[in-house]
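In the block that follows, a single chain appears as C-alpha cells, in the form predicted on its own.
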C-alpha cells in the first residue's frame, strides 16, 4: 500500500459510467482481484475523504477503474483529461481466493462488475472458464460496455426494465438455471442482492466468496466506519476495508447484517 500520483492515460465513457486508465506500475504489479484504491476526488475542494474504487483491471503498468457517475466526486473524475494526475492510495484490502472450483459463477450487480471483471481476467489466465452474470436496474446505464464484455467472456445479462438481456434481477436469472454448471460462486453488488443470493445458494454447499460494498472513509481500518457483523460466540465485527472487502459466506452474521430480519 502506498500513496501514488498516477497519470491518467485515457478516459472512456459508457452510458452513466467512465472507465479510467491510469499509469500506476507499483499498484498494477501488486494488485489482486477484489482489492481497491482510495481516490482523492478533487483538488482544493471540501471533498477531503477519498472514494473507494474496485480495480477493474491491472496489467502492463496500468490499472483501470470503473466509476458510475452519481455525485460530485465521481463527476469530477469523469471530467478529467488525459495527462492529469490522480492522487490515490492502494492497493488496499483482501482480495478473492482464486483456487475454488473450475467452473465458477461470477455474479455482479451494477458497478459490482469491476472486481469481478478483474477476477474473470485472472481466472482465464489460469485456464479457468468463468460464467459472468451481470444485473442492471436500467439496461442502458453502462452503455456499450456489456456488449464489449460479451465478446470476451461467457456473459449473461439481465435488467429490471427488460431493456438488456432477461427481465428481472441477476439472482432470479441464476435461479432459473435448472441444472447449474458452476461449482463455486463469487459475487459483488448491493447489500440486497447479496442477501438474496445468499438465500438462493444457502443449501447448495458451494464455495461462496463475496465482496461487500460499504461506505469507507479512511480505507485502512482506522475509523471503524465500515464494520460489519461476523459470526462469533460473542458479538464481533470486521472492517470491510481492512479485513475485506472480500469475505466468505460463512464469515458473515447474515441475520445481524440485515438488522435481525
Ligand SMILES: Cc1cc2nc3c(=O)[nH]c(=O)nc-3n(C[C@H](O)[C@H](O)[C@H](O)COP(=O)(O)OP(=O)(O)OC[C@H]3O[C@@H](n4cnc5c(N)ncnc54)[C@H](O)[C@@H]3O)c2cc1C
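Positions refer to the first chain, counted from 1. Keep in mind that what you see is a predicted model, and the values were worked out from it rather than measured.
The form predicted together with this ligand is left out here; the points below concern that form.
Residue (of 210, 216, 58, 197) lying close to this ligand in the predicted bound form, criterion heavy atoms within 4.5 Å: Checked against the cut-off, the match is 216.
Heavy atom of residue 128 within 4.5 Å of this ligand in the predicted bound form: No.
Heavy atom of residue 62 within 4.5 Å of this ligand in the predicted bound form: Residue 62 lies outside the contact set for this ligand.
4.5 angstroms heavy atom contact with this ligand in the predicted bound form for residue 31: Outside the cut-off, so no.
4.5 Å heavy atom contact, residue 187 to this ligand in the predicted bound form: Heavy-atom contact with this ligand at 4.5 Å: absent for residue 187.
Location of this ligand contact in the predicted bound form, chosen stretch of 62-70, 229-237, 23-31, 199-207 [non-hydrogen atom, 4.5 Å]: Going through the listed ranges, the match is 62-70.
Residues of 234-254 having any heavy atom within 4.5 Å of this ligand in the predicted bound form, listed in sequence order: The one in contact is 245.
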